[in-house]
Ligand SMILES: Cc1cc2nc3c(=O)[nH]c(=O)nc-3n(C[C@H](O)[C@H](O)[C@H](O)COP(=O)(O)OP(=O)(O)OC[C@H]3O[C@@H](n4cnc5c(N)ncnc54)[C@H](O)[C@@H]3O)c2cc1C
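The data below hold one chain only, encoded as structure tokens and taken in the form predicted on its own.
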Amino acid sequence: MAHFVILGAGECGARAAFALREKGFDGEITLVGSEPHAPYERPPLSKAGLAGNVDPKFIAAPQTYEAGNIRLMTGVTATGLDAAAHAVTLSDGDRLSYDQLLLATGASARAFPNAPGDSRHIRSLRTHHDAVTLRAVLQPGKRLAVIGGGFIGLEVAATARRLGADVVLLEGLERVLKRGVPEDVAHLVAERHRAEGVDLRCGVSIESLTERDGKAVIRLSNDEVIEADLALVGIGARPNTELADAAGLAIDNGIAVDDRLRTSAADIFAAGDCCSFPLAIYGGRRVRLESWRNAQEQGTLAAANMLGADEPVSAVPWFWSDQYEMTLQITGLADGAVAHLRRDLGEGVFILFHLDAEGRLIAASGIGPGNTVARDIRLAEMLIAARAHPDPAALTARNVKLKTLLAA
């Protein structure tokens, strides 16, 4: 009987395990995760899940794995991979032989240089355990310092303010959300945070991050010292490639896979945050995406291709972030855009369409309360997938429905 092993019990790995069963695989499936919990959703960790003392939001009830004849191993880590022998060694001493292997090892938070490695007062946010630790300071009378003005840092800042904690947010670049978010959108987000009382500072250089007397201590290059009950480090993530690298698999900003999610070794696939892949709609450009939907989609696609479907990656990238009442949604990749066209949909609600030099729509960015931009972003995603060259005037005209451009 064939045995498929999945390393990484997060969104991607769990979706792949269930997709294998849904697609008719009747062999053995082993899903291995380093955390003590069954697979859970990570986006709530910086949003609703952080606001209350709740259990993880499980992707599926733990008993569902048993019902699907999926062997779920939690609290263990893969320590070795022998691609030639088709075997994985685990931290508990177990050795798993596989016919097909999926690496869904995800990513880890980047540590702040020279900061204490094991501190109660200097944390990142990647796991449920991290969220539980962080909750303790999200209350009136506590001060949170956020290092990094990306999605995670801003989402945590919004949650902390809603719960009454004081927040100072430090970003080294000249604005927040510098990577992949247009300046118009980032400016609106920054002003919303400042209106909520966040002490948001950009262009700041941090000299050191230490702890003293039960506080995190941040020294800036101008010698200002900031003390906080906890410092959250949100300066990006690095793909977990150590296992693949040691096994001799190709690495290129993550585990390098082809457009079918195959690695450089036979019978090994990789998917989700840990891998980089060529994206045909952007000329085969190799990308690595850290997003909830990408993890879902690639988990399902990897399962199909492990069963011989031979289907290429075709999904258009999509990201979202909730902060206060605002929802930010982005589809596509705006790198290389030469035109940025704005469609206003109401006060504080707009979409930016990003076109390349040939007039092709390559990305769209929208912001507004709740789901006000969701439908138009979805239609823009479909236009991007169709490699459309829409009329620029029609994109900016509020009375022209995007659905008509898609039909054209």
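So that there is no doubt, residue numbering starts at 1 and follows the sequence shown. The structure presented is a predicted model; accordingly, all values stated were derived computationally and were not measured.
If you look for the form predicted in complex with the ligand, you will not find it shown, but the lines that follow are about it.
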Verify the contact flag for Glu211: yes if a non-hydrogen atom of it lies within 4.5 Å of a non-hydrogen atom of the ligand in the predicted bound form, no if not. no
Is there a heavy atom of Ser365 lying 4.5 Å or less from a heavy atom of the ligand in the predicted bound form? no
Since only the chain is shown here, I'm wondering whether Ile206 would be in contact with the ligand in the predicted bound form (any heavy atom pair within 4.5 Å). no
Can Tyr324 be called a contact residue for the ligand in the predicted bound form at 4.5 Å between heavy atoms? no
Since the chain is shown here on its own, which stretch among 395-403, 21-29, 8-16, 382-390 would lie within 4.5 Å of the ligand in the predicted bound form, judged by heavy atoms? 8-16
Is the ligand in the predicted bound form close enough to Gly33, Thr105 and Ser291 that every residue in that trio has a heavy atom within 4.5 angstroms of it? yes
Tell me, which of Val137, Leu301, Ala78, Ala247 has a heavy atom within 4.5 angstroms of the ligand in the predicted bound form? Ala78
Could you check which residue among Leu96, Ile152, Leu177, Ala228 gets a heavy atom within 4.5 Å of the ligand in the predicted bound form? Ile152
Is any part of 295-324 within 4.5 angstroms of the ligand in the predicted bound form by a non-hydrogen atom, and which residues would that be? Ala295, Phe319, Trp320, Ser321
